[in-house]
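First comes one chain, alone, set out as structure tokens in the form predicted on its own.
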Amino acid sequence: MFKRPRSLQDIAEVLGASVEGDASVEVWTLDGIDQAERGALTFAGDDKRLAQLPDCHASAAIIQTGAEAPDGLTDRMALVRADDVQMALITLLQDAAPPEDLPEAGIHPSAVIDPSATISSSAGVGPFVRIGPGATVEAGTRLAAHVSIGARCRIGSNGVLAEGAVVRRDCVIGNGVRIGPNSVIGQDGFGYHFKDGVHHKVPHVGNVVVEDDVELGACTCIDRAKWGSTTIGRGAKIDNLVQIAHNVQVAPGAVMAALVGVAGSARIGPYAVLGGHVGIRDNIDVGEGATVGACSCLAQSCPPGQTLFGIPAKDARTKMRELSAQAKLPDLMKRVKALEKRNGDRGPSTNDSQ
């Protein structure tokens, strides 16, 4: 994984960390505790993983500064102590990652670009890209093969649009935005009026605004607004296969895992977290810092900071108590039947039924 063997001293200097044990030990790769062998550097950011280290064959491990290592561990592996194990991993992975397969600055001969479009000389436009009239692509942005940019769109600087991504007319993409393969920004919202046996399509004349430093996964769809803008706030992180409907407002820093569906005009607060396969009803608010657990459906607004779970979603602790009680129902039913049999179940009396 590493471009060259690296000593623990070298790694510690990069991370601003310290070494406990032999700092001259060299490692070639980074691996999880279960798979790591000699020559690998592993990591243990919590007590559970720390307890697993004595059975690990890695040459060294990254652990938290101040964490108590298992007895005798330093006799068999060196330790790199970092203030934040996850940030240390991110730093090492960034250093080890190969260059992305993206077009260089310039325009591929097969690209189809309207004469009225404006393309920065430092932008990279790959094979079979289409850029519509009046569109703008700013400095340093890379458009991979088969990207389609609609009329009057603005694509900010230093972004990446992966293969097959589509940004439809009048949408605005900020700086440093990454859009995954086959994602679609600015498709019409899902709106119809039923009359005389026909579903009449509701025109959507608004757009989508994706602010700076947003990341969108593969095959994610963000619908244009009926009027105004569907907005994805600065620094939001949205996974693969997410559907965001018309006029939704996603605040800065919100996070959505795969298969989330957000219905029209819902408002997702700053730094809210939606787990995988969560459904959000239309026209409700998810408060700042709220968390909705995986496979939940939220049918009403929730206050800031709350953690919810279930269908319908409610306070997670309450829901877990309910599930625990439900698990006891079969035994409870047996006890009820046994009591009925012992006491003679004659059914409801005549007086009871009156």
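Everything quoted here is computed from the prediction, not taken from an experiment. Position 1 is the first residue in the sequence shown; the rest follow in order.
Quick note: we don't show the form predicted in complex with a further copy of the same chain, though the next part is all about it.
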Check your understanding: in the predicted complex, does Ala151 have a heavy atom within 4.5 Å of a further copy of the same chain?
Key -> yes
Check your understanding: Taking the shortest heavy atom distance, is Asp101 within 4.5 Å of a further copy of the same chain in the predicted complex?
Key -> yes
Exercise for review: Indicate whether a further copy of the same chain has at least one heavy atom within 4.5 Å of a heavy atom of Pro312 in the predicted complex.
Suggested key: yes
Review point. So, in the predicted complex, is Glu322 in contact with a further copy of the same chain at a 4.5 angstroms heavy atom limit?
Key: yes
**Study point:** One residue of Ile268, Val208, Val80, Val147 in contact with a further copy of the same chain, assessed in the predicted complex (non-hydrogen atom, 4.5 angstroms)
**Key:** Val147
Point to revise | Heavy atom within 4.5 Å of a further copy of the same chain in the predicted complex - qualifying residues of 185 to 199 | key: Gln187, Asp188, Phe190, Tyr192, His193, Phe194, Lys195, Gly197, His199
